Structure formats: C-alpha cells, structure tokens
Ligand code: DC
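Shown here is one chain on its own, the form predicted alone, set out as structure tokens.
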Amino acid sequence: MAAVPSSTTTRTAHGAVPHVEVRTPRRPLHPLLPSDKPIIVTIDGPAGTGKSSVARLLARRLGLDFLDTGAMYRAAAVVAIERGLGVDRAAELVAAVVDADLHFDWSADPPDILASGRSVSSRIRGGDVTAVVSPIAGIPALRRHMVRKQRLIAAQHPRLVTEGRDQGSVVFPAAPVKFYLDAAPATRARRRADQLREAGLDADADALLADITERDRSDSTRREGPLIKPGDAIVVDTTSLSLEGVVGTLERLVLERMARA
C-alpha cells in the first residue's frame, strides 16, 4: 500500500506553519495491546542511555510509531548553525526554526527528520551539533514550540513510543507508561563514541565524557523542561544491560502495565 500524505498545520506564536506529513500504514499492533485506545509510552533520561535505539526497537516490537524528540532539537541546532544564530539571538533562532518547519517523513524507519523540506538525519549527530544542542534546547520559546509540535504528532499518531528528556514530565504527563533510563556516565560516553564511529565519524571518549557531564548539568538545571525523573516513571539502569536486554525489559513492562489499564 502506498504512503498516504496528509496536510497539517502547526499554529505557533509566529503564525500558522503548514506542512505535508508522509505516513505509511501502521505496522500490526501487538496482540496483547488494546486496539480501542491511544497508547503513549514515554522514555526519558540523560544523553547516552540508548533512549533512541531502545525506543525505535520497542516501537517496532509493539506495533507503535516512534518519535525521536532529540532529533527535533538537533535539527533545530542544524538550522541555527547554518544560519549563524546562537542563543544570544534567541528570538531570531526560534523564528528560523519555525520557518524551517521541522517535521518527520513517516515513510522511513526510523522516521526521517526534515528541515526546510530536506533531510537532516545524517547531519544531526555531528560534533558541532552536539556542542550546541543543549543550550539551544534550553531556549524557553523553542521548547514551547517543540512541545506543541510533539503533541500534534501524538494527535496524529495516537499509538506512540516517544523519547526525550521531558516527555513524561511535561509533554505527556498523563501517559499510561513512563520509563526513565539511566546509566553510568562513562558507559554513556563509550556508547556515544561507538555510535559516532559506526556512523563513520571521529570520536574521543574522554571528550565525550566531559561533554556528557556538562550536558547533564545543563539539561537538569535549565528553567524550562528540565531533565527530571517523573514521579510515576519506571527507572531502568542500562549500565550492565545489552540493547536487547533493555528492549525486552521495557516490552514486558509495557504489556504488564497495559493489561492492568
């Protein structure tokens, strides 16, 4: 079956931002999940805990859609870099991001992040993006814009696994299943280095550890949408777990929680 385009409009403080979202037919829902209600599974946690990989594989197993909110903020950083805008020009930066109309092509797996109609998925993991994404993500007006877009996506994709730093605490506080992934900083730095090397990029584990430590501080102390553990989230320490082990644990817990819902 062919992909189905649907026109949507995001309304922001800067006006209406239309785009065409490309959707494919939903993969089969897990037989133990209810088919008559929305399902939002949130996965929060600091950088390098494997949230994106875990969320993507979990969504595939459960037959849900996958939202990588970190990719949205990284795409915003790409826009800022390309237009020469820093956090000292926050209003211009937010306007540029709104103008770039960040959205996903849902015909790809994982979904492809687009800015100004072009894919930036291969660009968002670059070192220059990593260096600036945390302060850019801390701009209050940008976070409010992203929260609106993420809730719009959930309205269009009501069966969703979404990962980030504020998904269970701010964006979807009523989500029926919330997870908080954590891991030792050194483990997270090693995982990020492996991820970069697999993508053909240079990686310095010591520099990454310093970056992760600073990003933890920045993300947890920012005024809007800080990194926090939602009170009703299930904490999973991934330090000694394989990717398969984490996904399997979360799959079991989602099925258990939804069976009681």
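One-based numbering along the sequence shown. Since this is a predicted model, take the numbers as computed values, not measurements.
Same protein, other form: the form predicted together with 2'-deoxycytidine-5'-monophosphate, not shown, and the subject of what follows.
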| item | value |
| --- | --- |
| R165, heavy atom within 4.5 angstroms of 2'-deoxycytidine-5'-monophosphate in the predicted complex | yes |
| 2'-deoxycytidine-5'-monophosphate contact at S134 in the predicted complex, heavy atom, 4.5 Å | yes |
| Contact of R215 with 2'-deoxycytidine-5'-monophosphate in the predicted complex (heavy atom, 4.5 Å) | yes |
| Residue contact check: R159 to 2'-deoxycytidine-5'-monophosphate in the predicted complex, 4.5 Å heavy atom | no |
| Candidate stretches 82-90, 98-106, 173-181, 137-145, one within 4.5 Å of 2'-deoxycytidine-5'-monophosphate in the predicted complex by heavy atom | 137-145 |
| All of R56, R61 and P110 within 4.5 Å of 2'-deoxycytidine-5'-monophosphate in the predicted complex, heavy atom check | no |
| Residues from 213-231 in contact with 2'-deoxycytidine-5'-monophosphate (non-hydrogen atom within 4.5 Å) in the predicted complex | R215, D219, R222 |
